[in-house]
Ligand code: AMP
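A single chain, nothing else alongside it, follows as structure tokens in the form predicted on its own.
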């Protein structure tokens, strides 16, 4: 979407929001820092304008994000009161909100705020910019158009979103615009050191124990171009960890030198497996995740697939190996 289209969509979103009294805000299952930061920052801003706001997420926030203002107000169930407008952030497809999909689909107006490059836009207004490093950047622009004065609480949420989706400003998606917005958020009261410390340096004992278990399961595949690990339901019982404690484990796998793709497989209830994928940019893992009913970015994606841990691992790794082989052939040509 070019800048003219982004501006047009932003103006339409502003008109809908300004005419509403109640809003449902939602994001994708297993929310990450950008999903939560975007949702919570927008919620605070709209409440400051007198709107009634529901903060909706099918899954709870990982513990490392509990410090964000308003995180304790997240709900997995839509409220009994109705809303005129629904806003979904950081979702490449409405199905990514999980069991909350019907609650958003039946609202009179729906706004999609996203930065994924997949063709999964939805809603009456599609405020989508694949050039943005994080949905939080798009939300920041929307707040400016709404005339919101960004305070320290809003700034902290949006800064957390940009920080995490740029990998602490280390990923290739980091732009001058990302750094400009981050600078303005710091000027508005976000504290970079405190936010980074809380997100990256304060893992619980159980989460650290689970990380250790995952690292003992490292497995190189496909001429060592892939590294993967698996976690079973028993691992969570043995360590006392919760599903949200897997947050960040995939990044440890990704940091292993020489690997083009990292994959983490987590056994969950109902004969299903959660899959997290990371790429060095040479292959598009979002494309793979979409084929398994998930989504994400070219370099970071995920899905939940039916089957046993071993079955899902084998299917996903076969898809990854095929993509790597195609990439190798194209580079050789």
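Positions refer to the first chain, counted from 1. Every value quoted in this text rests on a predicted model; they were computed, and no experiment measured them.
The discussion below concerns the form predicted in complex with the ligand, not included here.
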Close approach of residue 303 to the ligand in the predicted bound form, 4.5 Å, heavy atom: yes
Non-hydrogen atom contact residue 116 with the ligand in the predicted bound form at 4.5 angstroms: yes
Contact flag, residue 276 vs the ligand in the predicted bound form, heavy atom cut 4.5 Å: yes
Contact flag, residue 51 vs the ligand in the predicted bound form, heavy atom cut 4.5 Å: no
Partner-facing stretch of 53-61, 66-74, 292-300, 38-46, counted where any non-hydrogen atom is within 4.5 angstroms of the ligand in the predicted bound form: 292-300
Within 4.5 Å of the ligand in the predicted bound form, all of 8, 10 and 112 (non-hydrogen atom): no
